[in-house]
Ligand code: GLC
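As structure tokens, one chain now follows by itself in the form predicted alone.
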Amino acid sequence: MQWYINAVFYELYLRAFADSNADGHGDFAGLRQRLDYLEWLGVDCIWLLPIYPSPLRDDGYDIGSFYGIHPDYGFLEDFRMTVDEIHRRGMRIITDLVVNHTSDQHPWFQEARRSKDSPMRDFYVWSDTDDRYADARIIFVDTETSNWTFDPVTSQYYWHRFFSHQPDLNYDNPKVRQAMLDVVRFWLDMGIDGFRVDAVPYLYEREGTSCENLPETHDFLKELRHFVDTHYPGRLLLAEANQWPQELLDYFGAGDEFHMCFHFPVMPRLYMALARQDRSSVVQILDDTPAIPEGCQWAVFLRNHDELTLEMVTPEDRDFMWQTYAADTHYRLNLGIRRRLAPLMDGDRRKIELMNSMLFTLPGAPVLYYGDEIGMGDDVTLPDRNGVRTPLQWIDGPGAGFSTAPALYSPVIGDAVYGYHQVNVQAQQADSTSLLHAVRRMIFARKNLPVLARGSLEWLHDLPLQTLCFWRRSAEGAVLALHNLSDQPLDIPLEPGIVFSDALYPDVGPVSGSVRLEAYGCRWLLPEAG
């Protein structure tokens, strides 16, 4: 059952969602209290950021233990009850699986660093020098100067592709591979519907290579997929691999590796197309995207918990994006931009809806980031990427309805434009003309149009470059998606003799001949049977 093909995913940071016990941190009990909202919104699958015990130096991606729940979030029993409640509402849940590394506080690493003779020593990658694997790039260029860190306890260096407090696991050790399969078994036995698998290109190291996308990595990932398919059929593996489309294709394998992969290169080009009022970058990257195996799907997104990554663009395009969306260098991080969707769009409701419309109509399953459905802002005074991980704004009241605690893990946004007095779920639920209702309308239209999940993509090349217009067609139907990337109204000619209805606003009446798109306007049109 390929439930994920036409699913709408919702990325949820548990710490930021709802606090049930007034300790300033979101938790599973709080999530259970708010599941009615996600059901109303039309979410098919919740994706949880890491929930494991952790020092929280990297919001849980620094895993302190693969078995258990961070005490701020509750207990394993809380997790199990939450999974049951999500399933009772007809939704699914996937969690982050961090396969590449652990925290340096993880018991495995603490034991490994104790002695060169430790039985856990080979769980990690060690060297007497820091000049091995010199062709591997440094990913966090803002904070790290090397992929090696010296450990004074045993006078050797350990390998890490991310922060120095996140040592990489050694996948050349069969005990590591088995340990990760044991972790997978544990959480699937808890009833979850799959994993978003973090940082998958970096599992192996080989001299003379970039230490990314190596054949050995794919061998293990196929082993992981075989394990899941054999013991837990119907569960999902979603890859986080920030790579070019041709390299991403390898992560689907022959339909025997990942079920889904994030299509990172599409995302920045949507922003570029809007800023330049020119569709060319989007058309080119999707034309360069190879066909994927039957039963596989792309995951597409506008924003997430990290910076808006600009790794998969040219240096010239990166400079353009920085100058356009992050002229203040304080907004930049690594090779990206640490801002949410609404501020990137200068709070322009038309642009926010346009971006969402492109997300929902282009190929792939859409992934929403919590709070973007109401146009939440960010707090760039917070360090690193914490500014896009602030509490969800539920109401115009104390703690934004997130928590009654006197001190929160992160301040609630309270500025005059994006603060919780102006931007909150309660107010937008009550207003049928709000952004929240517009996004919800797209979600339900998308779910009722399976052609948008599986259909072919046919560009309308003859239209001006400031439009992004295309057909999606399959045996299940056809949709004509029209987008105006410019700040001026445009008249779009329609195919002669065809009468269209509007998928988003069916009460507007039939359309034929031509249709006017207002500045930054969008329409989803359905050809009526003649």
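So that there is no doubt, residue numbering starts at 1 and follows the sequence shown. These numbers were taken from a predicted model, which means no experiment stands behind them.
What follows is about the form predicted together with this ligand, which we do not show.
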{"property": "Full three-residue contact with this ligand in the predicted bound form, heavy atom 4.5 Å, for H101, E240 and R385", "result": "yes"}
{"property": "Residue stretch of 145-153, 108-116, 159-167, 375-383 approaching this ligand in the predicted bound form, non-hydrogen atom distance within 4.5 Å", "result": "159-167"}
{"property": "Contact residue in the predicted bound form, chosen from R318, H305, K447, K351 - any heavy atom within 4.5 Å of this ligand", "result": "H305"}
{"property": "Contact residue in the predicted bound form, chosen from R340, R92, R389, H259 - any heavy atom within 4.5 Å of this ligand", "result": "R389"}
{"property": "Contact flag, H263 vs this ligand in the predicted bound form, heavy atom cut 4.5 Å", "result": "no"}
{"property": "F140 within 4.5 Å of this ligand in the predicted bound form, heavy atoms", "result": "yes"}
{"property": "Contact flag, D198 vs this ligand in the predicted bound form, heavy atom cut 4.5 Å", "result": "yes"}
{"property": "D502, heavy atom within 4.5 angstroms of this ligand in the predicted bound form", "result": "no"}
{"property": "Residues of 28-60 having any heavy atom within 4.5 Å of this ligand in the predicted bound form, listed in sequence order", "result": "D58"}
